[in-house]
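Below, in structure tokens: the form predicted alone, a single chain.
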């Protein structure tokens, strides 16, 4: 099971933090700080896989990918494959790139709900739902169409019998 997905910048500011098992907010902040401390102290030429037992408890692994100014971090247990998680990060980033044309930190800040929707199409409740960025994009486009249609609905009916003066 995937326990958490964290996207943070290189200063440690979280841009997305989704925990799939309940954690109080204070504990979430502590975990995010611990993850950042562990990642920022790692050399660039080391593996993207880490044991996370000291941070998240027993049977926890962490995989991350560093893109420009962002760290994409997945925390999971032994029931998940490490390489599959690394690939899932790639799918997530590729899908965000398709949504925003070369995703950057500002895209994530100003389009938080879209990023959340992308993540929810890929992972739900700690389980992987979809691994194809093409399929995720189809779902996101459908959601965008529905949102646009719902925004076009007028709540005030047009009254044709009234005259304008």
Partner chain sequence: MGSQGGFGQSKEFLDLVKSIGEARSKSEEDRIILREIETLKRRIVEPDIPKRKMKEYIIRLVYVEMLGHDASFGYIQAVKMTHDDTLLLKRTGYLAVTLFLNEDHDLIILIVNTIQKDLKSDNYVVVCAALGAVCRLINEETIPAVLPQVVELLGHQKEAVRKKAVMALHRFYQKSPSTVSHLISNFRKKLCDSDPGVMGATLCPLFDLITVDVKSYKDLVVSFVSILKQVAERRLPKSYDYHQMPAPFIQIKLLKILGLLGNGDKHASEQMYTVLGDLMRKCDTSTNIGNAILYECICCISSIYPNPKLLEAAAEVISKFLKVGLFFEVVVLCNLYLFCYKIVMLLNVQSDNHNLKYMGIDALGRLIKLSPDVAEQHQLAVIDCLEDPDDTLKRKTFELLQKMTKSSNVEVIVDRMIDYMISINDFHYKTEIASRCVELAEQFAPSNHWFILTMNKVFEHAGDLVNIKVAHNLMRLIAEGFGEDDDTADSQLRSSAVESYLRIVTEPKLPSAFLQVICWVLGEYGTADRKYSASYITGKLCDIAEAYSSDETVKAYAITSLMKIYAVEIAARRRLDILPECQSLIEELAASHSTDLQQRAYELQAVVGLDAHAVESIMPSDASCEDIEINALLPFLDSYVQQSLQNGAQPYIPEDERSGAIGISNLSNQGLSESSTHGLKFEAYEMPKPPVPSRPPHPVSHVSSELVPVPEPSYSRETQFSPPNLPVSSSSAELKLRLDGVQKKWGKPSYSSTQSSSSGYSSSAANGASQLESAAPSTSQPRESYKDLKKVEVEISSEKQKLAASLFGGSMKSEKRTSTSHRASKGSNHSTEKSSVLKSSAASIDETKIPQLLPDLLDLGELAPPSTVAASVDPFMQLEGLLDQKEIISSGSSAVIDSSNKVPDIVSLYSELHVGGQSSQTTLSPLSSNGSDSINLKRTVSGGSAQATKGPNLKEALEKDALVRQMGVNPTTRNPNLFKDLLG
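As the structure is a prediction and not an experimental result, all values here were calculated from the model. Positions refer to the first chain, counted from 1.
What comes next is about the form predicted together with the partner chain, which does not appear here.
Shown alone here, residue 34 lies farther than 4.5 Å from the partner chain in the predicted complex, counting heavy atoms only.
Residue contact check for residue 10: none of its heavy atoms lie within 4.5 Å of the partner chain in the predicted complex.
For the chain shown alone, residue 42 is a contact residue for the partner chain in the predicted complex, at least one non-hydrogen atom being within 4.5 angstroms. Although the partner is absent here, residue 69 sits far enough away that none of its heavy atoms falls within 4.5 Å of the partner chain in the predicted complex. For the partner-free chain shown, 54, 78, 79, 80 of 54-80 come within 4.5 angstroms of the partner chain in the predicted complex, judged by any non-hydrogen atom.
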